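First, one chain by itself in structure tokens, the form predicted alone.
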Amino acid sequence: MTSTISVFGVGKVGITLISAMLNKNMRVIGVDKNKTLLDDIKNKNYNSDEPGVQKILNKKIELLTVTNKTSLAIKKTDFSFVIVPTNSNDLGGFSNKYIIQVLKSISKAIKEKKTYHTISIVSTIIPGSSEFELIPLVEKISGKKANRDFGFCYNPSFIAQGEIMKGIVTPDYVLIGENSKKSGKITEKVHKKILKENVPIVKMNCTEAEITKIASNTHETMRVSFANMLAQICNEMPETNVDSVTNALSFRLGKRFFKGAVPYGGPCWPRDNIALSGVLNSVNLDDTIPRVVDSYNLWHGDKIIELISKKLNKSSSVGVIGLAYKVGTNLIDKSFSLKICNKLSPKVKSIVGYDPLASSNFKSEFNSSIFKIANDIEECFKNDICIIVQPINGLEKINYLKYKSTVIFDLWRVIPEKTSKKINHYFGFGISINKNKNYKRKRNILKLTK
């Protein structure tokens, strides 16, 4: 195997993977059809907001070649990562359209090669894609046989926006769906050069790995929704705090994605539940679990907005803190703040939002006359109502007692209890302190004890 690796797809994940290899002094050829992107990288005009990436690119750029010519990349390498978008389709699955485009060009190039070439698909795909569509495609166009003439693996990354480098170099484990022992061994060697520490490498066949990838995300959404369900319960039951419950449960269930707060969003989790539901239906199985998790996530968001809406009127001004779908990224895909603003905008006088990473993206999506971007985080607290949607940096420095008259909805319970008790109108979601919150609730609960 040559020391040079080719990467097809130089987007956010692709360039991060490239940077991880450059950091280990590996030579890389990045292939993309976006000529402007390639020129920016060549001319050192490319800027990444993913931690660690820009510094490596600036330091190791001489090890990187970028091109739009597949034949050049395949000729000079024996191993290729494919990281291109797999957009959701009308059936709830993921389209292999862009993977197929790349594999067609790769197949034509390896047809002319005499040496063994390994292809590793990183993009999230529907289970069965490799066996039923992608490997047969390469065999048909190249005229070569998988395992004998070329290698094929499904090798997805488990990453989070804002932490992509971390997910690549220090993952919980590396998942390799191998079409042959040889291709799996080659892919493992590549990863061992990238990894910062010794992590488990788990191998299985391609379809098993495809199921594992989509199952990982949908299981995490189930955990988030379960914790959010507990938060809803504690929000209604007198003198309860969801953090007490989840902290105790975490001794058995773990802390990862187990804090009752806002609905999940982003480019992956919402669509993966829908996709798993589609997979289950396609093999004549019941899709209750992923379908219900997705439905509950939507209901959970609506319920929080309903609680907030009770404190609003047409003259209300609203501050929203945290505009991205999660902390540490500029992405607003399925952002809960976006849903809040869309729902509340007809009911209030003005909305001001603060998020140093996501403000411009949010403004372009929510282009309302009543909305403006805050210059600093405290501007959000100077409104009738302030909603802490994401626990972004800067909240720990706020003197909350300056805003005793502001109605504060703290959806992550970031304000310490000793401080929140001194705020006149504080609503920590998942906390109920009213001993006599609702007689009817008490009556209904006691019916269950008969």
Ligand SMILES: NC(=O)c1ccc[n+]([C@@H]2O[C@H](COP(=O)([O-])OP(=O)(O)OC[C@H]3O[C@@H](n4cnc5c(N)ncnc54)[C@H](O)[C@@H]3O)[C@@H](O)[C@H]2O)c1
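Start at 1 and count along the sequence shown; that's the residue number. The structure displayed is predicted, hence computed values, not measured ones.
The same protein has a further form, the form predicted together with this ligand, not shown here; the description that follows concerns it.
- When you look in the predicted complex, the only residue of 120, 161, 142, 225 with a non-hydrogen atom within 4.5 Å of this ligand is 161.
- Exactly one listed residue, out of 27, 33, 60, 425, brings a non-hydrogen atom to within 4.5 Å of this ligand in the predicted complex: 33.
- The stretch that touches this ligand in the predicted complex, counting heavy atoms within 4.5 Å, is 121 to 129, out of 293 to 301, 121 to 129, 342 to 350, 310 to 318.
- The candidate spot formed by 229, 389 and 413 is out of contact with this ligand in the predicted complex: none of the three has a heavy atom within 4.5 Å.
- Using a 4.5 Å cutoff between non-hydrogen atoms, residue 21 does not count as a contact of this ligand in the predicted complex.
- Not displayed here, this ligand is approached by residue 213 to within 4.5 Å at the level of heavy atoms in the predicted complex.
- Contact between residue 98 and this ligand in the predicted complex is found at the 4.5 Å heavy atom cutoff.
- Taking the partner from the other structure, this ligand in the predicted complex has a heavy atom within 4.5 Å of a heavy atom of residue 13.
- Residues of 236 to 275 placing a heavy atom within 4.5 Å of this ligand in the predicted complex, in sequence order: 268, 271.
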